[in-house]
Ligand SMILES: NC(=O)c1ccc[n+]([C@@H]2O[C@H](COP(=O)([O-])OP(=O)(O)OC[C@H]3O[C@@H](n4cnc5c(N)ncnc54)[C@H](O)[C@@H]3O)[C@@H](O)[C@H]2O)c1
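Next up is one chain by itself, shown in structure tokens, the form predicted alone.
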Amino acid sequence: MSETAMGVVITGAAGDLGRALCASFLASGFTVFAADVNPSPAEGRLVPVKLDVTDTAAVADLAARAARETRLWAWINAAGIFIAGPVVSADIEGWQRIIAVNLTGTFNGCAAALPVLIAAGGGRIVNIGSISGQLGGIGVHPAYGASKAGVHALTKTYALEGGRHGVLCNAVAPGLLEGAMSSGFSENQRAKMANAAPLRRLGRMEEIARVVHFLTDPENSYMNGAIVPVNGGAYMPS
């Protein structure tokens, strides 16, 4: 592998959004470190990495490896879990699991990526938030919205620190997307959520991937600490 290859780490790479992100960055010539608890097979410039994002040491090891093998440019924290169900029956086990993966896992990624990207001379961190982190949610474990609100705040903290060193940190906040997560809702619930947006449909993974890719572009040089809503107009924060 060329030492001058541009590298990107994508956590949650085997999920619906993760696969769309991998395809997007591979198409742009990146070496992609595709990290997941169930990694995809190696293919071309896709480097599968078995990773549990709650394992702080393992996440740090991946950052060091990616920096050795490429010019690591971007780190995308896309690993996340989602539990649909009535709020009144939410349990502590679900709370702890969601917070550990969605929030602590994102912290581990940011904490591992920042010093490596600073040492390399700059780069980009992108976190995957959610409209639930802005509005809360019905029919989903309350830890989900809480974890994503935490991701949004975490993004701003790393933007404040990283911006001084050429490392920009932003997040996207998608609405409900077509894929495995939305399958946890009934068809009627999905239809209601789709109709809540002016576009009258759910989002597509590749639409989120395009925004993430934009946020990692070197020419995107002044957007820092933004929580970008990608929700079809269902929520328009000022």
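Remember, it's a predicted structure, so these values are computed and weren't measured experimentally. Residues carry their position along the shown sequence, with the first being 1.
We do not show the form predicted in complex with the named molecule, though everything after this point is about it.
Contact check for L215: no non-hydrogen atom falls within 4.5 Å of the named molecule in the model of the complex. The shortest heavy atom separation between I81 and the named molecule in the model of the complex is within 4.5 Å. Although the partner is absent here, K156 is not a contact residue: none of its heavy atoms lies within 4.5 angstroms of the named molecule in the model of the complex. V228 falls outside the set of residues with a heavy atom inside 4.5 Å of the named molecule in the model of the complex. Look at 115-123, 67-75, 156-164, 95-103: in the model of the complex, residues with non-hydrogen atoms within 4.5 angstroms of the named molecule sit in 95-103. Taking a 4.5 Å heavy atom cutoff to the named molecule in the model of the complex, the contact residue among A194, L26, M205, A58 is M205. Contact residues in stretch 14-48 (any heavy atom within 4.5 Å of the named molecule, taken in the model of the complex) are A14, G15, D16, L17, G18, D36, V37, N38.
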